[in-house]
Ligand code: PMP
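This document opens with one chain alone, in structure tokens, the form predicted on its own.
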Amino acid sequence: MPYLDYNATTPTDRRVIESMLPVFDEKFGNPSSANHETGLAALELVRDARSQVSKIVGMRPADVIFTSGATEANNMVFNGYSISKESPRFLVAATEHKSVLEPCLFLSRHGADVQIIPVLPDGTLDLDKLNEKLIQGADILSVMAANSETGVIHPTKEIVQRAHAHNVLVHCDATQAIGRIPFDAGELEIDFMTFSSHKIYGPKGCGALIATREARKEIQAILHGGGQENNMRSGTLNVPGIVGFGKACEIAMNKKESDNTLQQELRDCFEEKIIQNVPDVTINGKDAKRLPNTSNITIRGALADAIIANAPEIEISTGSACSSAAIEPSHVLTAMGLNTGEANESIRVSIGRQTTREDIDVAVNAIAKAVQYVRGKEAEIAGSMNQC
């Protein structure tokens, strides 16, 4: 069964699994127990992984704070800053992941000033709205590197420059970007960035907040206890997950170019064949720079959930895995100007290392057949209602 939902999660690479196995038995120590050999061995593994994670984003090992994933890391930034400053002001892109939007919404009910920055119809941030008047007096500007639903890539460098010109900190959720496009947080001078292990063929339950020395001073810990991770994130470290995360970053650095070239070829092939075989479709964000593996398609006259239900031979989604259970249209697509009906008629296909050309052919055929069936059924229902 072709799996085409790699933006939701990726299978754990076999080399990653092999790197983790020793940590479950002979290297099982607690890295905080540095007064004996077993603990020191675990500490060394964590140090190695910290270096591997820092390299893929162009930062220092000391800038890495291990977390359970990007959701926790995003919460650490906004909640941690709100502890430090009364009534903070946050600027947030309309198409951010819910793990950014929801903490900001929560904090807005407790004194924070949160302003949403609109996006253009192609999904990129509306830079005309990100003007001097809006930026002045803000504390943190949050813009993801690449959108999980559409693959649209924001002009991060220009955004950072505008923010820093007014001494505004920049937070970037780079979860979908890492391993798929060139992304050097150090070169871009990003203050806070976050990402997750399981998006790059690593284990679930591990991620990182990357924060510069200066930015880290602006936030306080939201999880207290033993003071691990330089007092920023207490709790016994998930050493197996951290080791696997580090290995996944190392592999991603070596495979990035070959992965991206093949995945973009497969994505472009998929979109070309869908347009040829399914009438009245639109590729969302097609006029913007996009991730090489991601395609979001509106298929008019066929609800996305109905298409997926009638194409059981493939595994695709309607959007973000963290929001797909919600009975509401995609906030990403409506922010881009799609109406509720169009948003509910949109599917996401995301390609990965294991995807083949045969998978693409199977997916196109399955979707085309499902659309034909769903459109026919909906036409039947409309006809019977007209008769009444």
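A quick note: this is a predicted structure, and the numbers were derived from the prediction, not measured. Start at 1 with the first residue shown and count on from there.
From this point on, the text means the form predicted in complex with the ligand, which you will not see here.
Screening 238 to 246, 119 to 127, 170 to 178, 218 to 226 for residues having heavy atoms within 4.5 Å of the ligand in the model of the complex returns a single hit, 170 to 178.
The shortest heavy atom separation between residue 154 and the ligand in the model of the complex exceeds 4.5 Å.
Mapping the unseen interface onto this chain, residue 298 falls outside it, with no heavy atom inside 4.5 Å of the ligand in the model of the complex. Within 4.5 Å of some heavy atom of the ligand in the model of the complex lies at least one heavy atom of residue 70. Contact check for residue 209: every heavy atom lies farther than 4.5 Å from the ligand in the model of the complex. For a residue to qualify, one of its non-hydrogen atoms must sit within 4.5 Å of the ligand in the model of the complex; all three of 144, 148 and 198 qualify.
In summary, among the residues 267, 97, 290, 233, the only one with a non-hydrogen atom within 4.5 Å of the ligand in the model of the complex is 97.
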